[in-house]
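Coming up is one lone chain in C-alpha cells, specifically the form predicted alone.
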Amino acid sequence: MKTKLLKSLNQYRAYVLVVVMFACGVFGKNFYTAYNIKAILDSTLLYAFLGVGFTLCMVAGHMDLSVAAMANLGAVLTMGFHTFSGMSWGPAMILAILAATLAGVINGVMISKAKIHSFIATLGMQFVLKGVMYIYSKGAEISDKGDFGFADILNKWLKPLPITPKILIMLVIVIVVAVLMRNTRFGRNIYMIGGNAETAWLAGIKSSRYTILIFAFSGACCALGGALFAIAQSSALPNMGEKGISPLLVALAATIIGGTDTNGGRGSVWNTFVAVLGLMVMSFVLSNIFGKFEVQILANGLILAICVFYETITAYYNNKKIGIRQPLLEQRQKELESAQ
C-alpha cells in the first residue's frame, strides 16, 4: 500500500507541488486574489516555452542548454528589428524566430552529423548567441520607444478569468505540442529514439532527421516565448535572467519535476508546464510569507534534489530486479518474512 502511494505521488508530483503550494497560500497575506492568480500565470510565460523545448530534447535523449539563450535571442532581435529597423511586430517576430530556428538546426547538425555531445554543442551555442546579442544590442537595453499598443493587447486582463492573451497563446502551444507528442507518429518516434536508439534504427526511424527537427523546434519555441515576453515588458536585455534564477535552471527543474527521464524515452510537455506553474506558485507563496529571494532559490534546489534522489534510488532498485521472475521474487519475499 505504501509503495503504491509513493508511486502515485511520484507519478503526479508536479500536480502535488501545485496543490501543496496553493494550500500554503493560507499562511500568506491576501494570497487568494484574482490579481495574484493572474500574476502567477503571467510569470509562467517564458519558463513554459523554455520547458517545452527542453522537454522535447530530453525525451529524445539530448539536452538543450541553449534554450535560455534562444529565448533571449528572440527577445533582443524582435525588439531590435522593431526599434532599429522600423519593422512592425509581425515581421520582427518572424525574423527573430527564424534566426533561433537556424541556430537550432546548427545544434541538431552538430549533434546528429558531427556526433558532438548535446551538452557540449548547446553549451557552445549558448556562448555564441550571448556574444551575438551583446554585439547587436551594444550591451544596452532595447526598448520600443513608447509604442505600447501590442504590449497592451498581450497584457490585457480577460475578465472574469485571471488570464491574458499572451497566456492563451502559451496554453495553445503547450496543448498542441502535448497532443502531437502523445497521439501522432512523430511524437511516438521521438519517444522511441530517446528510449532505445538501436530499436529506433531497426524500426527505420531516421534519428538524425528527428534530432535536427527537435532542436529546430526548440529554438523556434523558445524564441517565440522570448519575443512575447519582451513585447509584453516593452524592453529586452542581452543578459535576461542573469541577475536572478536563470531561466535555464527553472526550465531544467520543471522538466525533471514534471517526470521527464534524464536518459530519454519518457516525459510529458503538459507535466512540465504544470511543474512550471508549481514553481511559480511556490515563488509567490514564499515571497508573500518570507519576502526573501534566497528562500525561493533554496526551495527550488531542494525540490529538484528530492526528485533526482528519488529517481536515482528507484532506478537502482529496478535495475537490481532485471532478470528476476516475479513469482520467484514474491516467493523469496515470503520466505524472508516468515524467517523474521
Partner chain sequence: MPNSTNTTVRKDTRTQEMNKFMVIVNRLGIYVVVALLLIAGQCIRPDKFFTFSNINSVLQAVSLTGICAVGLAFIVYSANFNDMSLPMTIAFSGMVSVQLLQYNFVLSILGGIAAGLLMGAVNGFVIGKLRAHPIIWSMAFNFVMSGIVRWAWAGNQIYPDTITENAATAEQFYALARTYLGKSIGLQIPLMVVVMLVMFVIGHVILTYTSFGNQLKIIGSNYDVGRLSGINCARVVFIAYMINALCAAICGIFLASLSKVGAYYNGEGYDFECVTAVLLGGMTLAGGKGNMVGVFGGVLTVGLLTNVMNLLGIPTFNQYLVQGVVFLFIVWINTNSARKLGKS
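The shown structure was predicted, so the numbers you read here are calculated from the model rather than taken from an experiment. Residue numbers count along the first chain shown, from 1.
Below, we refer to the form predicted together with its partner chain, which is not included among the displayed structures.
- Shown alone here, residue 139 lies within 4.5 Å of its partner chain in the predicted complex, counting heavy atoms only.
- The closest heavy atom approach of residue 134 to its partner chain in the predicted complex falls within 4.5 Å.
- Among residues of the shown chain, residue 124 is one whose heavy atoms approach its partner chain to within 4.5 Å in the predicted complex.
- In the predicted complex, at least one heavy atom of residue 302 sits within 4.5 Å of a heavy atom of its partner chain.
- Site residues 23, 159 and 188 are none of them in contact with its partner chain in the predicted complex, judged by any heavy atom within 4.5 Å.
- Look at 167 to 175, 213 to 221, 112 to 120, 90 to 98: in the predicted complex, residues with non-hydrogen atoms within 4.5 angstroms of its partner chain sit in 112 to 120.
- Proximity to its partner chain in the predicted complex, defined as a heavy atom within 4.5 Å, singles out one entry of 179, 249, 102, 197, which is 249.
- Applying a 4.5 Å heavy atom cutoff to its partner chain in the predicted complex picks out 256, 262, 263 from 256 to 286, in order along the sequence.
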